[in-house]
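Shown next as structure tokens: one chain only, the form predicted alone.
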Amino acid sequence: MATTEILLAGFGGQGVLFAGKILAYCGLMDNKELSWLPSYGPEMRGGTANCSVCISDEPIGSPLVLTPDILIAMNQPSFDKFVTEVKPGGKVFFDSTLIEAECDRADIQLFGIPSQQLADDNNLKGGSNIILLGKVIKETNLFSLDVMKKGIEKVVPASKAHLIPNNFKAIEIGMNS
């Protein structure tokens, strides 16, 4: 791996920045160079949110991801806006519960899983983002499950440590989807 550029996008409140932070910490734990650049509208919930994450074996020139290798889209507007920007050979992961994936590009791979429905079915409120991360690590081998679990443990605040097992469960659901 030289450099992997990841763009996560969705509405505020879907955990886009949290998922990006987990990926960033996974990069740290794997001794990689990394950048994490959040971007969000003025609304805390319901506004747009996206996050650029670069993970590399070498120094990173710019933290801004304009043409991602990996796109994680959590809503229709984000899918529609960014799917055209994915590099040829790139991978797009999206919540098929909320997104009707219409894309005529043959040079990228699409991975749609009903992450919101899976989160609801497994009583994992707010776990759709983590289910998508599980699918990402399964399909890309970007990180091992062990590194992903360590990243989650690092990012989940102490006051919410009781949610760590739910996050582990969400990762495994995504990996098995």
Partner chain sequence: MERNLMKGNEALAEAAIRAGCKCFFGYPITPQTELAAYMAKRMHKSGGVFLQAESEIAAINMVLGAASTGVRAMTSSSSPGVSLKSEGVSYIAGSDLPAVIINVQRGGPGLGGIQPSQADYWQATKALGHGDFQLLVYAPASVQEMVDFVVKAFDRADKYRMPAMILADGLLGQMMEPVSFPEINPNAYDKSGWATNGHKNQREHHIVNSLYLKPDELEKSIVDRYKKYDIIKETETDAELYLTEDCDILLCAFGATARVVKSAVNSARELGIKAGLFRPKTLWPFPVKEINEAAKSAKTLLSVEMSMGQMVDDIKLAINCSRPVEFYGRTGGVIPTPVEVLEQIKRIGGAL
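Positions refer to the first chain, counted from 1. None of the values given here were measured: they were computed from a predicted structure.
Omitted from view is the form predicted together with its partner chain, to which the following refers.
Of the residues 37, 137, 110, 113, just one reaches its partner chain in the model of the complex with a heavy atom at 4.5 Å or closer; this is 37. The candidate site formed by 124, 163 and 174 is entirely out of contact with its partner chain in the model of the complex, as no residue has a non-hydrogen atom within 4.5 angstroms of it. Although the partner is absent from this view, residue 145 stays clear of its partner chain in the model of the complex, with no non-hydrogen atom inside 4.5 angstroms. For the chain shown alone, residue 62 is a contact residue for its partner chain in the model of the complex, at least one non-hydrogen atom being within 4.5 angstroms. In the model of the complex, its partner chain sits within 4.5 Å of a heavy atom belonging to residue 24. At least one heavy atom of residue 31 is located within 4.5 Å of its partner chain in the model of the complex.
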